[in-house]
Structures are given as C-alpha cells and as structure tokens.
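Form predicted alone, single chain, as structure tokens, below.
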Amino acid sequence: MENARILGSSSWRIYFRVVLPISRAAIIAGVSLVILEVLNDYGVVSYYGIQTFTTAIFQTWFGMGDLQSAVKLSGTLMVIVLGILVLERIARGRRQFSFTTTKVKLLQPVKLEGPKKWYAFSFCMFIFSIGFIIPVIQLVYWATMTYEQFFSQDFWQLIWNSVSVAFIASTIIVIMAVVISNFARLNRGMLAKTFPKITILGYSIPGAVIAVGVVTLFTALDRQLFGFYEWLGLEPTLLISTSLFMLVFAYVIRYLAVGYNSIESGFDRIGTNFTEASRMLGMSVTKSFFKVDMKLIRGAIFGGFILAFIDIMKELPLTLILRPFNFDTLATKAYQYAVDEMIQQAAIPSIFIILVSGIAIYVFHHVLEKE
C-alpha cells in the first residue's frame, strides 16, 4: 500500500488494485464462516417460520418421530457443508501473502478530518446501534416489565445449569486442545498433521447434524450395555443417552476447534526452543511441559477457555436436542419464551447471556494484556 501510494495511486485505486486482491483469501474464508454459522442456526429461523435444513431435522425428529429421515437430512446437510469447505479451499488455492522484509512497520492510521470523520463515525455507529445498542435497550425495557417473575430459585437454577455445563465442557476442551496441539508441535509425522485437522472439523458441522450423530451413537452404545446394566442390578434402560454426559460430549466435538486454534497459536509463538533448552538441562518431557510450556502459554489456554465458554453459553440446537429431561439453560429458556409468544419474558435470560459473555470478553481482552 505504501509503495502504491508513493507511485502516485489514489486511495480508491489502492483499495481495488491492492487491498482487495490481497484480502481475497480472508474474505472468502469469512464468507464461508458466515454461511456455516447460518446453516447451524435454529432459533432465529424457527422463530420467524423459515424452513431450513436445521428446522426440518427438528420437525422430522421431534414432530414426526422419524429418526431415519432426520439422519438422511443431516447427511445431505453434511455434504453441503463439505462442499462449501472444498470450494473455499479451491478458491483460496495456493495463494500466500507475506512480508518482503523482516523490518515490518504496521500501517499508521490516518486521522480523518472534516466531513470524512463524521461519515466514518456515522457508518460505524449505525452498524453498532442496529446490531447491539437498540436490541439491548429493547431487552432492558422488556426486563423492567417482567423482572418480578424471574428472580426465584428456578431462575438461579437456569444460571447454574448454563454456567456449570459450559465450565465443564470448556475445561475438557482446553485439556484436549493442549494435548493435541502439543503432540502436533513436537512430532513431524503424517499423523501429527492430519489428526488436528480431523479433530477441529466439528466446528464446521451444524449443531443439529452433530446432535443426530451423537444420539445415534449413544443409543446404540446403551443397547450394547443392557447386559452390563442388568449385571449391576439396574433396569435395562437408556442411561448414557439421557444424561448430561452426552450433551457435554457433543459440546466438546462442536467447539474443540475454538480452544485448539487459540492454544495452537500460543504454541506457535513460543516455538520449541525453550522446550529443547529445558531438555538439554536435564528435564524430562513431562516436567518440561508443566514447568516451561504451560507457563508460557497460560494466556492462550485462558483465552481458549473463555472463547469456548462463551460459545457454549449461547448454544441452542445441541442443547435443545440433547439436554436431559427438565434440564434448561438460559438459551433454551429464552427460546421457549419467544416461541410461546412471551417475548417480554425472554428478555431477562437473554440479558444474562449478554452479561456473562460480556464479562468473559472483558476478562479476555484486559487480563490477557498483562501476560
């Protein structure tokens, strides 16, 4: 950009001839991520009565009791998702962009003056207002109308359910991500290259598809264990597939990529020099890992935990399908109120999700700056 500016190119010409071509891979990846998130969504499309693959899976499974059709729909959606990922990879090709020198100086922001300053401010403020300020103000107004109905033991149970499940699943995700990323860092074989890519594929798969696969797996596993249950003196029933374990298992599959990407970037920053130095000084692999590596990437570990925690707190499709009986979270309760046309009552659970996520984001951005 600086070279183009020095050669006399205007700002518009630089934008279209330099910035957009360089950003093409990132733009395509971003659009693909948006498409995958929209395919995963259930709450919005269900509330507005829009027929999508996700709503069709719910209707055939819960409305008609037809698990086989739900599996077929899930398989079709999975093919579409894989097609999107392949197209994104093809569109990206082998394009790579890197600095031409090690003496990198970031672009200096240009301070706008006059009308340009107000145009930029108005545009950004418009997006922020439509996306956050106006909806939150509306939620707060509705909350003032219905708050007396909520602050009971049941509401605090909702908060406990949401936070506890998110905490447990995020902890498991972080532990698994640390093990996988450390294995990939210290090994150079084909397994070390392919295994991490397989484990993080779950984030690209819609939640309803994961839920169908997890239910099918755990139901078959329960049936295989009927004899074991009888040996323990229990009735031959669906024990595992009606427990919280199945829900946490699905969360881990869906959001392992979130924790893995954060921790992998932490390992990339520290490299292997410190590990090799500690080994040369007589430390074992395990001792080097806990005494050196873990302390150096604790910021990345904490960041991965926070990001996974926020995603799980607001997850809806997986929770609706896989939750045990009489187990509700803030997200499912807000959805139930909205579907039952009790939109004002949905405000307080929604606000608590925003508050918990906001606190987590604040900690993520401000506490990690001290690392």
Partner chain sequence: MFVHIRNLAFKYPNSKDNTINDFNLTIDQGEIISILGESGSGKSTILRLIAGLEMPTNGNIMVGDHCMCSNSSFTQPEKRGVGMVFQDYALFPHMTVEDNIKFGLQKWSRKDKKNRVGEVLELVNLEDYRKRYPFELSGGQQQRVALARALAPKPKLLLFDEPFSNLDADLQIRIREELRRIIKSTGVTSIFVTHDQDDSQALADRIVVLREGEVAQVGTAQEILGTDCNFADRMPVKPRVLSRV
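Numbering follows the first chain given and starts at 1. From a predicted model like this one, the values you see are computed outputs, not experimental measurements.
One more form of this protein should be noted, the form predicted together with its partner chain, which is absent from this view; the next part is about it.
Residue in contact with its partner chain in the predicted complex (any heavy atom within 4.5 Å), chosen from 296, 163, 172, 225: 296. None of 197, 291, 116, 269 but one reaches within 4.5 angstroms of its partner chain in the predicted complex through a heavy atom, and that residue is 291.
Heavy atoms within 4.5 Å of its partner chain in the predicted complex are found in one stretch of 275-283, 256-264, 69-77, 124-132, which is 275-283.
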